[in-house]
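The chain below stands alone and is given as structure tokens, in the form predicted on its own.
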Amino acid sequence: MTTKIALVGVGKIARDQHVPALSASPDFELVATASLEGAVEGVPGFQSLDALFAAHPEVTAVSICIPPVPRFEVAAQALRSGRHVMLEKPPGASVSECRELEAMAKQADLSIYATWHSREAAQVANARAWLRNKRLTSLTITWKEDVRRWHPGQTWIWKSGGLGVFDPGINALSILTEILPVPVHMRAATLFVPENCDTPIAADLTFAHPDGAAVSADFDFRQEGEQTWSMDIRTTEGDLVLSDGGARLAIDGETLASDAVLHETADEGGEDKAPLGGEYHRLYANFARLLASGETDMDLSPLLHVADAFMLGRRVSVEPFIE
């Protein structure tokens, strides 16, 4: 039996990833959308959740893809109406509002899922398995992309709560918090903020590791040409490179075959040929499992790192950003 689901926000990520994943999902049927801009062909569209729920009371779950700042009110409304909630990353504009949503869901006996799509990249589980018993000496994250290419016209990214370069950078932090066998915490941050923006266009981060390993990250939204989403990981027992946002993995210079499995269970969820291949299929499969078990997944560890970066960050003013 499929779950009737509604999609809130029909922007780029919804069109590129959520709609194809839902179309292919055996667990969900997309029956309606709520969006002030954008629509899905063949699916009824509404401009408010109230109108959507009135017309489609059979909807029992909502997937929310609007920007972080207005997300809390929409998610809270869905929970108050008795619907399960899935949240695009980042799950909210603040840690405290995410905690409040989690409490609301638990009180109402509903499932809520803070998704981190990069954790579902093809080689992330293998990287975690390989690192499980290794002693880390260094880990360097390089996450550089062209904001004009990947986020055209998304002015909300540059406003307070929009995260700036941390919108993609949080993907790296979601992988970091997934693969390391021990947690790290933020030690220092430098945030490079355009004169006409509230949020950073680049960031240099340094983390404290309990065993003294050197852990750092270099995020930049100004990368032209080749795009880079990689982690260079050194241990006392060998080196690992995780590249293409977690899709590729090499150990001591040897690329791991795409179908190799170092972790305890085989990959679940469909694959596809699109960018972020299979990640959103697996997110919806995870959400289906949460609904079936009545559980909640609101891991906020990547968002906590972002919050710490903004608290500790030394701000450096740079030239204005003009799209």
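Owing to the predicted nature of the structure, the values given are computational and were not obtained by experimental measurement. Each residue number is its position in the shown sequence, starting from 1.
The form predicted together with a further copy of the same chain exists for this protein as well; it is not shown, and the discussion that follows is about that form.
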Option touching a further copy of the same chain, based on a heavy atom within 4.5 Å in the predicted bound form, out of 232, 73, 237, 224: 73
Go through 110, 213, 93, 247 and name the one with a heavy atom inside 4.5 Å of a further copy of the same chain in the predicted bound form. 93
Which one of these stretches, 161 to 169, 144 to 152, 127 to 135, 247 to 255, sits within 4.5 Å of a further copy of the same chain in the predicted bound form when only heavy atoms are counted? 161 to 169
Report yes if all three of 19, 24 and 289 come within 4.5 Å of a further copy of the same chain in the predicted bound form by some heavy atom, otherwise no. no
Using 4.5 Å between non-hydrogen atoms, is residue 217 touching a further copy of the same chain in the predicted bound form? no
Evaluate residue 313 for contact with a further copy of the same chain in the predicted bound form, applying a 4.5 angstroms cut-off between non-hydrogen atoms, and reply yes or no. yes
Is there a non-hydrogen atom of residue 106 within 4.5 angstroms of a non-hydrogen atom of a further copy of the same chain in the predicted bound form? no
Is there a non-hydrogen atom of residue 184 within 4.5 angstroms of a non-hydrogen atom of a further copy of the same chain in the predicted bound form? yes
Looking at a further copy of the same chain in the predicted bound form, which residues in 291 to 308 have at least one heavy atom within 4.5 Å of it? 301, 303, 304, 305, 306, 307, 308
